[in-house]
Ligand code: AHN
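Given next, in structure tokens, is a single chain: the form predicted alone.
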């Protein structure tokens, strides 16, 4: 993903309609509904950070998961297989997507569903592909090397896998959950290209495709939560701009839940920048209010931390405490919704 302050302008965007959707999903934003400062907490399983760490490492063991590579294919099989082993109904959405340079990417969105028959649903998503180029690396010699993507990709999928494992052990009965692993998010125009910055839609190809062609016709969800770079050392998560624009009540719900579950230091009450990420097409095309949990660093050039789009995005810089903070918070939100 890349940072931007200019909103996408896909034709399917319907901002007014989205505001109504956000208001509708507010029936579960209990701190506001009850007129008090706390949200009633349902019983939720304990998120296992060691387990999520191992799922991150397992993806990295395949090497960079760049579309059209063997590592990408094998890791996709691994992810789909793990979700199936945790009792999810798995759908694979395959598509040939054209990258900015004309390359046809054999993309593969992986959807894992619990209670697929339930009308009330929550969407949790992350991208699983790796950046083909370490174009933000301080060493120019690394700019055309692929990124291992421990944080920027694998961590979000790992958190979802651990959540899926726990949902199998502590079933959810009243709502449906859809975990979506979006492909081809990080194939956007590299910084060293003459086209850099010219086309925001060169990013997030898998989510753009899914949003226009959901795995279930007419798919709806109360809201969505995107997990991006949720395992990096030093991560804290500010309230991202498009999230506040399209799903402000969901933002407040998640940040309040984090505070009440003891993870407020990871979710400071602070606004961040606008980020071109997979939640944008989910909001603008699928018209599902969706937020982005993504780190915001106030120091450094990128805002995403020192390993972003560099060859140093590896397991040495993954922090179990960050994985736990995000995983337990989102898990608690889901179990609250099940009440």
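The model shown is predicted, which means the values in this text are computed figures rather than measured ones. Residue numbers count along the first chain shown, from 1.
In what follows, reference is made to the form predicted in complex with this ligand, a form of this protein that is not presented.
Among heavy atoms of residue 178, none comes within 4.5 Å of this ligand in the model of the complex.
In the model of the complex, at least one heavy atom of residue 304 sits within 4.5 Å of this ligand. Though the partner is left out of this view, residue 308 does reach within 4.5 Å of this ligand in the model of the complex, counting heavy atoms only. This ligand in the model of the complex is approached by residue 276, whose closest heavy atom lies within 4.5 angstroms of it.
Residue in contact with this ligand in the model of the complex (any heavy atom within 4.5 Å), chosen from 133, 267, 203, 223: 203.
Of the listed positions (247, 147, 229, 158), a single one reaches within 4.5 angstroms of this ligand by any non-hydrogen atom in the model of the complex, namely 229. Picking from 80 to 88, 178 to 186, 159 to 167, 237 to 245 the stretch near this ligand in the model of the complex, with a 4.5 Å limit on heavy atoms, gives 178 to 186. Along 130 to 155, a non-hydrogen atom within 4.5 Å of this ligand in the model of the complex is carried only by 152.
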